[in-house]
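Only one chain is included here, represented as structure tokens and corresponding to the form predicted on its own.
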Amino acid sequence: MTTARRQATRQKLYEAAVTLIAEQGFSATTVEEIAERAGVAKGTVYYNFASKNELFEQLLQHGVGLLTVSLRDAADEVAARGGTRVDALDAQIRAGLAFIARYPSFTQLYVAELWRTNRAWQDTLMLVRQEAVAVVEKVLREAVDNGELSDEIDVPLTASALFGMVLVAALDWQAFQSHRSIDDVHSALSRLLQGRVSGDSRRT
């Protein structure tokens, strides 16, 4: 199987697994169901992943990896056009919302798994989470170094808070306020960032 074909097959399996597990839970989801939903033979699942656990662990790595790239790209695009680091944080908020709107089932699973401590993939989950938060932390640290933000800010904790804020706000938006547009939700979070974090309530 070529690399491109194998990647396409894995993507099908990721999508099938995340949908099924979101619908009925990890324990209740079988490899047979994942294969059927993906439109492949059961053996194809085991050709790509040694077990259902490995499939789910790599699904988490894959999904959080996509989110991390989205956050990094958003900050880089702002830097390329000469924007501030606070502008870059705002762009990361938008990118996070867009990711969650695109992959709501994955995000629900990810947030649920963060609170479980008895999973085989817990260490992997913590590692990929830290990689995503580190992207936000880097921009925050640069904002402090540039004098855009106060040096009294606890950068690691603030990065985690911003990351968590986007996750929880986006899930609430998807579940309870789906009539709102992404522009609407981003505007609300942007005002919180600009007014409460940077201390300048005049910015919008």
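Computed from a predicted structure; not experimentally measured. Numbering starts at 1 and runs along the sequence shown. Basically, rigid core = biggest C-alpha set you can superpose within 1.5 Å across the two forms.
Just so it is clear, the following notes concern the form predicted together with the DNA, a form of the same protein that is not shown.
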Which one, D154, D145, D172, E32, lies within 4.5 Å of the DNA in the model of the complex by heavy atoms?
E32
The one option of H62, R37, K42, K138 with any heavy atom within 4.5 Å of the DNA in the model of the complex is K42
With heavy atoms only and a cut-off of 4.5 Å, decide whether N48 touches the DNA in the model of the complex.
yes
In the model of the complex, does T9 have a heavy atom within 4.5 Å of the DNA?
yes
Which is the contacting stretch out of 145 to 153, 51 to 59, 158 to 166, 64 to 72, given heavy atoms within 4.5 Å of the DNA in the model of the complex?
51 to 59
Inspect the rigid-core superposition and answer whether the C-alpha of S181 shifts by 2 angstroms or more between this form and the one not shown.
no
